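A single chain comes next, written as structure tokens; it is the form predicted alone.
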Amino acid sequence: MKTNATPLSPTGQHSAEGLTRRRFVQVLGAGLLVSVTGPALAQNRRRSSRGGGGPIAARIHLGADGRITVLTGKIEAGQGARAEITQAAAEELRVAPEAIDLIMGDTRLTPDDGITAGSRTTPSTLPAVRRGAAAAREVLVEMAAREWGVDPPAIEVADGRLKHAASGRSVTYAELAGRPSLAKAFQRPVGDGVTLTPVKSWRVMGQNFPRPNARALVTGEHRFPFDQVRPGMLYGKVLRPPAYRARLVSVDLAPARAIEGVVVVWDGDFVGVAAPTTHQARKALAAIEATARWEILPHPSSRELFEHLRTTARGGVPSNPFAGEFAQAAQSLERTYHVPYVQHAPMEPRAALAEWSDDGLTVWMGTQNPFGCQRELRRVFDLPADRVRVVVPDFGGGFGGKHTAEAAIEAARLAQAAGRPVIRQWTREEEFTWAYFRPAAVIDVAGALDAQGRLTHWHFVSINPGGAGLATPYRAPQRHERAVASQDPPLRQGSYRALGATANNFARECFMDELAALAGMDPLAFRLANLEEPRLRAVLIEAARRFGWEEKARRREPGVGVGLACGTEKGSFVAACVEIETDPSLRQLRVRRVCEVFECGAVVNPDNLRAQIQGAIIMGLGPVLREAMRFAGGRMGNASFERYRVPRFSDLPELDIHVLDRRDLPSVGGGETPIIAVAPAVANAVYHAVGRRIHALPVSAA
């Protein structure tokens, strides 16, 4: 089978069909493809951004037609990487962003820039792309300088043109790209001499720039993974167990095989069908389901979840090493917090289209981890790297939930058996049941205070969610912090926006409010008295000022409360103040206003960052208001949006967002940290409103 492709669009996104190597050269046209290496640091304030080495971070093509193509292994899932990487290259190449075409997440064409997760695109990939672009610019300047017999500093670069004002000479990137001598010049690695544009001189970065393919998204021209089509394509369905830990005992495939055009695959524990239409595929799967017999093993329910996590903690739950000293402290407190499993709930469930050809296996899919999924496919099908290609069209949301290749493996198995391309489109119920979840958590916290209300001892044990956000930013001379994994988590669990920091910061910030009450202090004053980190203090003070904390905290209105929380994760800092209204039963909780102040160094794209903060706040409201997976007997009880309610428009509060643009600091990612202050701030506001402490999420279940 042949792999077809269409030229790059002006938006810089290659077609859904992908690009062959030959077609890749045809699309780019005449010019020079420059591979560059650069470091993925630039965020360490003690290190220069000039350091060499590191992984391949960018490939830049200078076209004879004046177009510039940048290649990156990062992907776009709505977080804005397409815009910011375009800005980064444009800044260093001294061109308008519109002159840049971007190819993302194609394991055959792009470098492996690592998984798109952990807020690493901004601090890692942007500097690498900038270094590659800056190195290309400097080589072009040196070449023109030698040709004209002038010093390189005398040459001005703007809009893809090099000019020497004194002599009136000029040359474009496109003209230089066509010169044979440039090929050798571009073999020079990026070294210590590469200088990035300082923040004070930014012209493209630091400005608002929309997603380059925004028009294609809103007009429906863009093809998401769910929309992929190949000639002769079949639609795949997979037999799912009726419950977790169910084992297939027997099944009769004959009724499905009797349906015209249907391909049936039974390979170990995998049973699937492929058919020319989704209707035929559903019909064939139903015929198989009617014959399947299962052995269902015992499985903990969501009601037993937290005790199960505690009893299955690997190595046991560490005890408080300061127990004896707590007895001597002026004041002390112990609490336990519970956080349930929650779903990522992306708008687009998992989808993958697989096609086998003489070149091997090609898969178009939505994933945050194209090279990781390529490795999974290689392992399953025992193929070398050059025989497996993963192409990632911009897709509809990940939030840490699309790191793995299960849909791609299913599609590839069916396509291999059928000898035709097969698309696997997970249903919403499959996404809610068989995808991985944000880990549930049991968190034990204990703290001791001296007579002045200062922390002296801190004990924090987090069972199951992981170590992200584990370390307290507050001053505590004696501290014991441990993250403990469960040996037997009831549900499949994995990454989620901000990882375990959502649970760990919830427990810590709720506990800080209780300690403040124990010390007889205002929650803001208590935090500031125990907090030294200047950047965290800055966002907390600014949020309280903008919110009018002092006045609102003193005011008493029946059912109305205010709360605050702060935190740091991924090198950025956040503080939130919220106002809520509720009744004593907590069944009518409504968040009126969220005032959040965020700081992540120098801001690359203000509008995009604001959108990320807004999205994080809204996503953070779901688990505090009502999101929680319910399961019993190995069966999910709320595997649909009807029964698992994410925030609706009616739930949205007034969002009062402020960003501290620290142009004196390196840029770090902003897509995750803004979520961590939402749940504890709302929980603390509940106490202010009705006098009830929250130790479990969602609030209605507390």
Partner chain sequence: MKTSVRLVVNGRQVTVETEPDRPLLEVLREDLGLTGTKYGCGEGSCGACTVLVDDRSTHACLTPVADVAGKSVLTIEGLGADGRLHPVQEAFLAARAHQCGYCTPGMIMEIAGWLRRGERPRPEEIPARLEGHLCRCGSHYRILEAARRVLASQPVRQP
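Residue numbers count along the first chain shown, from 1. These numbers come from a predicted model, not from an experiment.
Beyond what is shown, the protein has a form predicted together with its partner chain; the following relates to that form.
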Among 409 to 417, 270 to 278, 531 to 539, 510 to 518, which stretch sits within 4.5 Å of its partner chain in the predicted bound form, heavy atoms only? 270 to 278
Consider the chain as shown here, without its partner, and state which of 552, 283, 240, 308 has a heavy atom within 4.5 Å of its partner chain in the predicted bound form. 283
Identify, from the list 119, 368, 107, 425, the residue with a heavy atom within 4.5 Å of its partner chain in the predicted bound form. 425
Answer yes if any heavy atom of residue 92 is within 4.5 Å of a heavy atom of its partner chain in the predicted bound form; otherwise answer no. no
Can you check whether residue 653 is within 4.5 Å of its partner chain in the predicted bound form, heavy atom basis? yes
Is the gap between residue 647 and its partner chain in the predicted bound form 4.5 Å or less for some heavy atom pair? yes
Although its partner chain is absent from this view, report whether residue 399 comes within 4.5 Å of it in the predicted bound form, heavy atoms only. yes
For the stretch 213 to 244, which residues lie within 4.5 Å of its partner chain in the predicted bound form by non-hydrogen atom distance? 214, 215, 217, 218, 219, 220, 222, 223, 224, 226, 227, 235
